[in-house]
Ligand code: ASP
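The chain below stands alone and is given as C-alpha cells, in the form predicted on its own.
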C-alpha cells in the first residue's frame, strides 16, 4: 500500500500548488529509435521504454511521443530538422521543464548539435542513448534514460544548450563525440572537458556553458559533402561532389590548413561554381588557419569544429543564408572568439 501511494503521489501531484508543495516537473520524451529501443522483435515504443524505468515517476510527470523508430545510421538532415522543429513546437505550446530525446549512437553527435543550433529556448534538451540493447542483461539504456530525466528536472540545467548523457557523464552537444564502437564511455567531450556527471542520482555541473548560436533554418538541403584529405588526394572527390550538385563542401584538410596543389585547383573550380567550401582539420581537434591563397578564394574557416559538426552547421547555415561572410560569422561566433 505504501508503494502504491508513493507511485500515485509521484505520478499525479507531489502535491497540488494549493497545498503549498511543489509539483513535479513535466518532462516530454521524444523517442526516435536506436539501440536503446532495439529488441529482436523490433523497436520499443516510448511507452515501453519508460515502463522499464519506474524510478522516472519519482523524478517527473512524464509525457511521451514516438517521433520515429529507426537506427540512427538512417537519420537524415530532413529528419533532424523535423526533430528540431518539434522541440520548438513543444516549448511554444507546452508548460514543460524540458525535453528528453532517445536516439541511436551512430549519428547522435550530429543530431544533437543540429538541434542545438535550431532551438533557442533556454529550457534543457537532453539526448540519451545506449551502447547495449535491452536484449542484454547489462543494458545501459534504463540508467541513461533516468539520468537524462534527472538532468532536465534540475533547475541548473537551464540555458546550458543541448546536452548528451551516457555512462553517468554529461556532455554538451557542441563538444560531444563518439570515440568508440561499443564502450559505454564512448562519448567524450573532445577539445573541452565534459559538462558534468551524475552520482547516486545527483547532478553535478563542473564546466561553464559553451558558446552557442541560434539559426532560423526552415528548410535543409542534405547535399553538403564531407571529404577527408589523404596522402595522394588529387581533387577527384571535390569535383565529384560539385558534379553531384553539392551546395557545400566541408574539407578535412591536413594539419593546420594544408592542401595539395591538385586539390587546390579543384577547390578553385568548386568556388567558381558557387559552392561554399569550409576547411576543418582532419586531426579532429585544434583550430586551423586559412592561408592567403585560400582566403582569396573565399574559403570559410571552420575554426575548431570537427568535420561532422562543421557539416551540420553548414547545412543549417545554407538553409538561412547563401552569404559566405554570414556563414563565416556563424563559425567564428561558435568558436568562442
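Numbering follows the first chain given and starts at 1. Every value quoted in this text rests on a predicted model; they were computed, and no experiment measured them.
Omitted from view is the form predicted in complex with aspartic acid, to which the following refers.
Stretch 71 to 79 is the answer when you ask which of 169 to 177, 91 to 99, 119 to 127, 71 to 79 has residues with heavy atoms within 4.5 Å of aspartic acid in the model of the complex. Mapping the unseen interface onto this chain, residue 154 falls outside it, with no heavy atom inside 4.5 Å of aspartic acid in the model of the complex. Proximity of residue 106 to aspartic acid in the model of the complex: non-hydrogen atoms within 4.5 Å are present.
None of the heavy atoms of residue 304 is located within 4.5 Å of aspartic acid in the model of the complex. In the model of the complex, no heavy atom of residue 111 sits within 4.5 Å of aspartic acid. Residues from 33 to 52 that approach aspartic acid in the model of the complex with a non-hydrogen atom closer than or equal to 4.5 Å are 34, 35, in the order they occur in the chain.
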